[in-house]
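Next up: just one chain, as structure tokens, the form predicted alone.
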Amino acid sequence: MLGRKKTENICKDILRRAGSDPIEVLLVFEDQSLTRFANNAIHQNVAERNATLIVRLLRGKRIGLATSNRLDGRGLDKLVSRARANAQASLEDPDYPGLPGPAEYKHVEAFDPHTAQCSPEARAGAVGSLCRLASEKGLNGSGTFSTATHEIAVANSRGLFAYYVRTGADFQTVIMSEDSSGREHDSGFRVDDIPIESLFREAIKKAEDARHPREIASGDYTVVLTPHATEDLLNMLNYYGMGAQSLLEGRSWMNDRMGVKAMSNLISIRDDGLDPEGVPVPFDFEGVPKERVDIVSRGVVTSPVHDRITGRKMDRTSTGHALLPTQRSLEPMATNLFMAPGSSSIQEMIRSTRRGLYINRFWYTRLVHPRDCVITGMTRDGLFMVKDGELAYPVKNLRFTQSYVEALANVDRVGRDTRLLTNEFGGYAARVPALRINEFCFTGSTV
């Protein structure tokens, strides 16, 4: 870990080298360790410590971006020189509102020393016992167990400086037999809060229960989704329309639905970078303070998330959702999503279902049409027929094509328990419950 003082000094060194040119400095330091296992054996222990510097230097409306992981004086000189040259060669950006000024940030505690110091031996000891358990049952266990410390600092020539440090832990496993599989996943900033053994045993149970699946007809089914499947609904809605830029360009599922009750009144979705039950960061990658954004409130579509560019275009203030400068083409995006819990357990959802499907996970989901967030994908790692309130038998995986907006309109039960799941692509996080949805459309088998 670099620490606040060293991080601030590095940022000041870069600001000084920029002279009179307006400049923004982003420093991201990651200390990550991962234990990976497959075929009931650990096959990889890796660790990475890396500091990434990203600077944006302004010449009027021209912006020059440069990146480096060198923290020495010569490296900083080259970084600023490249940014200046890139600014000179760039076209003007008429939409860029200039650098933000200093701000105050709320403190959110998400640093756990035990997680930061978690050793390879500790991870390997936990994983090793789990692999032996899978082997004893004649099953094949694979997965990852990771711990990390993340530091982020933003500084600019207008006097802004923001710094935050947090830890993270993540456990994922897939258990397979000759014709079935089960998966579990959990995340958090305290490694001790992740119930690794119980997750592993639950994945084993799903794999064992899913053996010898039957083929069923496609069609519309009532479905009971675990949080793993709910996460896919939320992430796809995020990627394809929660940001204000897609709304401005007319390609969001929010278009023509603002202020409209488009989902079940059981559905409320928010983004909140200040909630410690997620993966909190109190500011975005421009140093703008995070705000809670109620995206859907009791089924009513209420607001997208904004960065400073979309806020200016729509006469709104930024909600603190600018991404990394190297990802800025993706538009502002929610990074700490929450779906409000309900009052049902998964068992109650199953017991109240006369005929339907219990789905552990969606996989290989892809966009078909953005305006209704129509997604096609497959089930995976545990699919079961529900009959008269019981899991009757496992079934073969199915392909679906379904509007996720329509799916959330057809929700009639929401789970009271939630699971925090981090996305391996970008580190976005979602805390989500189980759902029961009516008339979910399956179009065929995956074979």
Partner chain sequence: MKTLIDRALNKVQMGGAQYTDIRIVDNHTESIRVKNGVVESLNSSESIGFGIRVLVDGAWGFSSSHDLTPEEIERVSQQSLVIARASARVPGEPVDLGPPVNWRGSYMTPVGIDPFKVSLEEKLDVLLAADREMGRVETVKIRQGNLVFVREKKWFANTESALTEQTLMETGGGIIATAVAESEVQTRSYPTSFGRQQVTAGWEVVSEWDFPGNAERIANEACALLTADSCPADTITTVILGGDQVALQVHESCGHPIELDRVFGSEVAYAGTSFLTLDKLGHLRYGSDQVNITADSVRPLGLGTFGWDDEGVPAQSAPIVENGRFVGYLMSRETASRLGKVSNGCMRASSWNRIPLIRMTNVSLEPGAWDLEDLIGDSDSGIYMETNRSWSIDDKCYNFQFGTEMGYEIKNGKLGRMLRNCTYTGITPDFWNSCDGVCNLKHWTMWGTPNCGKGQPSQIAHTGHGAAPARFRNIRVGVYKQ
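Numbering follows the first chain given and starts at 1. Computed from a predicted model, the values in this text were never measured in an experiment.
There is another form of this protein, the form predicted in complex with its partner chain, and it is not shown here; the text below is about that form.
Proximity to its partner chain in the model of the complex holds for none of Ile216, Thr317 and Thr335, with the criterion being a heavy atom within 4.5 Å.
Although the partner is absent from this view, Glu109 stays clear of its partner chain in the model of the complex, with no non-hydrogen atom inside 4.5 angstroms. Although the partner is absent here, Ser329 lies within 4.5 Å of its partner chain in the model of the complex, judged by heavy atoms. Taking the partner from elsewhere, Asp93 is found to have a heavy atom lying within 4.5 Å of its partner chain in the model of the complex. Although the partner is absent here, Cys441 sits close enough that one of its heavy atoms falls within 4.5 Å of its partner chain in the model of the complex. Of the candidate stretches 67 to 75, 285 to 293, 227 to 235, 149 to 157, only 67 to 75 contains residues with a heavy atom within 4.5 Å of its partner chain in the model of the complex. Taking a 4.5 Å heavy atom cutoff to its partner chain in the model of the complex, the contact residue among Pro120, Pro195, Pro341, Pro276 is Pro120. The contact residue chosen from Ile267, Leu139, Val174, Ile350 relative to its partner chain in the model of the complex is Val174, the criterion being a non-hydrogen atom within 4.5 angstroms.
Annotation for 249 to 265: interface residues with its partner chain in the model of the complex are Glu249, Gly250, Arg251, Asp256 [heavy atom within 4.5 Å].
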